[in-house]
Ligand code: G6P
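As structure tokens, one chain now follows by itself in the form predicted alone.
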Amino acid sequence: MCGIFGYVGTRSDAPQMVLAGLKKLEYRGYDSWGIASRENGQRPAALAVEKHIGKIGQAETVLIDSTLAIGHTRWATHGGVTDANAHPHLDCEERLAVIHNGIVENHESLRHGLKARGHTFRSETDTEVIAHLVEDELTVVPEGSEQLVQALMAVFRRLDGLSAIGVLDTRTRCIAAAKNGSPLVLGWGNGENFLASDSSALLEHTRRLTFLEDGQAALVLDDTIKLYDAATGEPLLDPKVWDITWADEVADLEGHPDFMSKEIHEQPRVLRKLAEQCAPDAVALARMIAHASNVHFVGCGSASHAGKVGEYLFSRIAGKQVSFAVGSEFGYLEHFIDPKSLVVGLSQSGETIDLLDSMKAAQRRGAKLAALVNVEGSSLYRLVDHPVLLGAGPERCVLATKSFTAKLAVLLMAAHAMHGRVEHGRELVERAADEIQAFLTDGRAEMMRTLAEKIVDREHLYVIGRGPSYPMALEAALKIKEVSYMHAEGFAGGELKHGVIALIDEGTPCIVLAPNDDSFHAIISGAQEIKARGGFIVGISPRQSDVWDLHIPVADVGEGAELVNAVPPQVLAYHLARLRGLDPDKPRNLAKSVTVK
């Protein structure tokens, strides 16, 4: 979850560079942030540390010039959100600074032993035990250029749980790192090298990246990077270096007040690019699905809703049964996976731990793997047999918007490709892109602001849909609750009479997703039942109906309806957050990439 950034080189503005990297990584956690650097010219070398709680915002570091620094932006696990619990954490001698993404599950027993040996702790975190353990190991590991990384690997072997660790050493002027589960990326420069938890933070500095694998460690020096097997301590020769072609994000908001607004408006461009470039990948994915005896879509959060939509699309369009499971639950269903199975993982970051665990479990059972993923070189991208790169560009807002509709577009094209109609799938995506562009620019988006003003003080909101619109109702509700903190729930329209309708009282807002398909009359019937109980009915539909209290008209784009219907709830959620005085880019308690259990 947390963001990590480190630099070793000859530039004297390392603290400023690290802070800029943390700003790009803040979507991974924004409870607190901190930087540690080696003070230049100090004899003996000394650490300078700065920590703050809360979001980084437009902060500037007070640390003086240095050529060596690490930084961290935190999503709290152990210990409250305080300056003391912010990373980096130091050893007793203040020689070392440690940053960490993950959980040390056996930290209590390790802390007890360290205290018995005289170590003093300054925080409540599990991370601080790492600093003191490395401090102890440095007393027994022979001095030399590899002393720090050998000490870290000895400690790493004692830690339970999934972790990515970075340690700065003021004396040997280097950074050591190790990982298991949580991501770490190494960046190769010219007389300088980098460490980060996400490739997007490195692309402005270098496109030559090495993705540290589980059970590996690294020593980052200004002139080279060395890799090791953390279990044995042996060096790994010829590390794989990727030349990343993924386009770097435009850091500027381009006139938008925040990244959520910007990324909502980027969706037409993303969809047109996919329609133009992704047909070969959609065809290849369709072939894999056609040849598999059983197919499973797996995702978490918004990606899970895209996978559920895909289940309907392949049934309706391709006549192919596809099963769907939430990433955190798939492990309990894996027992029927075999070498004839295909498992398709859906993820923006490609680092979601629950999804990766599910995919690895399927791989162990011999299944073929594919993925729809937005980050080139991510763990999921590297794991699967056939990765489809979404090409949505980095998503800085925690909420998924453009990466979600990009997944829908690929699934729609792949479903049509199974019957040799990929061109028709492309046309549907292009039509949907045109309609989304129109919706965002012709005044209809302002209707969502007006609706938000009307319902902003309501406690509950419900969304209903049928067929592919059912998972879209789940997605609409997720967007609203995660950014505005309004309680919102999505339901299958046919389930109202089975208990859900008990939630409706006078004035309860209910959004109805009603595309012009075979579900229209059934969903209208459900809307009438809600209205009869006093509900306020908002229809997102190409068709008029007397049941609507407010009609949000959208074009009829046939099987591309889910692409179009994704956008009005995104805009509504955005305006609800703004009216409630909330930051739409950084909702409370959330992080973009969930890399811990």
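Each residue number is its position in the shown sequence, starting from 1. As the structure is a computational prediction, the values presented were derived from the model and not from experiment.
Absent from the display: the form predicted together with 6-O-phosphono-alpha-D-glucopyranose. The rest refers to it.
In summary, the region of this chain contacting 6-O-phosphono-alpha-D-glucopyranose in the predicted complex, judged by heavy atoms within 4.5 Å and restricted to 294-302, 124-132, 270-278, 521-529, corresponds to 294-302. Under a 4.5 angstroms non-hydrogen atom cutoff, 6-O-phosphono-alpha-D-glucopyranose in the predicted complex has K407 among its neighbouring residues. Proximity of L399 to 6-O-phosphono-alpha-D-glucopyranose in the predicted complex: non-hydrogen atoms within 4.5 Å are present.
Though the partner is left out of this view, T73 does not reach within 4.5 Å of 6-O-phosphono-alpha-D-glucopyranose in the predicted complex, counting heavy atoms only. Within this chain, Q348 lines the site of 6-O-phosphono-alpha-D-glucopyranose in the predicted complex, having a heavy atom no more than 4.5 Å away. Checked against 6-O-phosphono-alpha-D-glucopyranose in the predicted complex, the candidates S469, T352, N101, S358 yield a single residue with a heavy atom inside 4.5 Å, and that residue is T352.
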